[in-house]
Structures are given as C-alpha cells and as structure tokens.
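To begin, one chain is listed below as structure tokens, in the form predicted alone.
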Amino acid sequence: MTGDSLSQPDLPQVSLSLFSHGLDLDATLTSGQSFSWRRGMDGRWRGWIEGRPCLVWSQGDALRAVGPGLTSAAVTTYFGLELPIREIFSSFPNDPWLDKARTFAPGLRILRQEPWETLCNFICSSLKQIVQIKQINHELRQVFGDAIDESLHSFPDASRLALATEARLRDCRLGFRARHLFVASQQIASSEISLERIAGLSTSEAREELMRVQGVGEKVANCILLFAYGRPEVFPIDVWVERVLRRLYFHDNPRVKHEKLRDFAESHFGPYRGYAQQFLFHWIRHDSKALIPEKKAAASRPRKKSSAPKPAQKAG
C-alpha cells in the first residue's frame, strides 16, 4: 500500500453508541495502557486493534472507527464496551480519594490489548516515561515491522525479534532493556512460554507464568494481566500508584512495606480493583492537586475491613 491507507473511502466503518458506557477516548488512550496511538490534528486517533491499523474518534455520543477488516466485535472488545460498567463502579468502596480520581476522568476505561505487544511494551517500561515507551514502540515498528504504507508499520512478532541482535534492539532506544526483550522474544518464539496458554490459567498461575519471562516482575506481570488478559482483579503498583497509596492512605509512613500496600489494595478496592488503580494512576499523573500537602492530608489510617479512610479535615 502507498499513501494513507486509512483515508480510503471504501474501508469498513464501525459506529457504536457510547450513551450507556460513557467512554472518554482521549483519557483512555493517554492513560499509560497502550503506546501505539497518535492523535491527529483533526482529533482522530490513529492506532491498532487486533493488529490492524485504524482510525477512531468520538462523534456526539458515538464511537466511530474505520480500518481494513475492522468489526464491531473487535472495537467493542478492545474498548471494553461489553463490560458491566455500572456494576464495576458500584463495587468500589466508599472512598473519597477514589471518588476524586473518578470525577477527574469519569470516562476512563481499560483496554483489552494483544498480549505480545503489551508484554513488550511493559518490559520496555522500566525507568521510562510514557512518551519514551511510545518512542520505543515506534522504533520497533519502523525497524522490525512490516510496512503497511509510508507511515504505518505493524508491530513485529516474537520470531522477528528473536532473529535480531541485542545490539540492534539497543539502537531502538532500549538500553539495558534490550537484553530482556531479546531473551523474552526467544522464550515466546520457541514456545517455551505460551501466551495463548496463559489466557486459560487462573490469575495467580498466569502471573507466575508471566514472571518466567525475562524482564517481567510482579508489577509488569500485573500490567499485562490487566491490559491484555482482562483480569480486573489485579492491581499493578508502580512508583505513581505507590506514591498515591502511601500519601493518601498511609500518611507517608516509611515503615509501611510494599507487601502491606499490596494487601491493602486487594482488600480495600474490591473485585474490580484494576479499574480503581487506573483511575488513581491517571489522576495523580494529570492533576497537580491530587497529592495535597501532608498537613492537609485527609486520610486516616486504613481500617482492616470496609470503607476507605475518611478525611480528618477537608483539603484546601
């Protein structure tokens, strides 16, 4: 293909109602889940669903998408439009901080992405900012992917990267992560670890299997489970989420260990805690007032059972 393959008038177009789901496309695609989407000057997003290039945009209360081979089912699954969003929200605890996070971006939703690319993205995420992970994703596509047109390249599969060299991967801005990605590609390409098999495992078993992959620790495994395998019960704790948990729920107590934060998140935020995590993550990154000064902190020590810590005094 030559030119802009997504501007052809004969491509199938999908239109889905967002009236009951309330998807905020911009918030969702900038919330650190996926790293291949780019927003155009016209407000439309260019990215990939099921390995196919597409354009998506909001128009009134509808989500519109266009791309080769695109189906309503694929778009629905990718954006989680089939999920019981009201049930998810009603499962959240009575928590003033989570309420603030939800109010900040009420249309934020969790994507359901392809496991291999998601695995690569989060292996490459160590000590990297979102803009840098996007750059790595772009470089991997440009160097190792198949050209769709002048501006679009597919994401390379595991067998393609397994035939590369660590040095060539370093050239894609990977740094020390090149070794991790190179070995991980070989593990997946050789079927030493099967991403398809992981889909059928329990969450704990799937996490253990993912952590056998080079460069995958607990946090990265949980990100993959949440953003690729649709496991809403996992609660990834990165530096941002740890910061919000410590400040707002534990008064920045230095004696609180990571294990206590993890246990608190699992018991406090309910069965859809992965969604709670994503609201908190997006809020703390984009709202400069999210983490108020400790003197005005409105959290008390978390209780063992039900509701979230209630404010000792109102912030601000």
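A residue's number is simply how far along the shown sequence it sits, counting from 1. For clarity, every value in this text was computed on a predicted model and none was experimentally measured.
There is another form of the same protein, the form predicted together with the DNA; it is not shown, and what comes next is about it.
- For the three marked residues, 220, 236 and 240, a heavy atom of each sits within 4.5 Å of the DNA in the model of the complex.
- Comparing 272-280, 55-63, 37-45, 248-256 against the DNA in the model of the complex, the single stretch with non-hydrogen atoms within 4.5 angstroms of it is 272-280.
- Contact annotation: of the candidates 145, 230, 96, 175, the single residue with a non-hydrogen atom within 4.5 angstroms of the DNA in the model of the complex is 175.
- Taking 77, 126, 203, 151 one by one, only a single residue has any non-hydrogen atom within 4.5 Å of the DNA in the model of the complex, and it is 126.
- In the model of the complex, the DNA sits beyond 4.5 Å of every heavy atom of residue 286.
- In the model of the complex, the DNA sits within 4.5 Å of a heavy atom belonging to residue 214.
- In the model of the complex, residue 138 stays away from the DNA, with no heavy atom inside 4.5 Å.
- For the chain shown alone, residue 130 is a contact residue for the DNA in the model of the complex, at least one non-hydrogen atom being within 4.5 angstroms.
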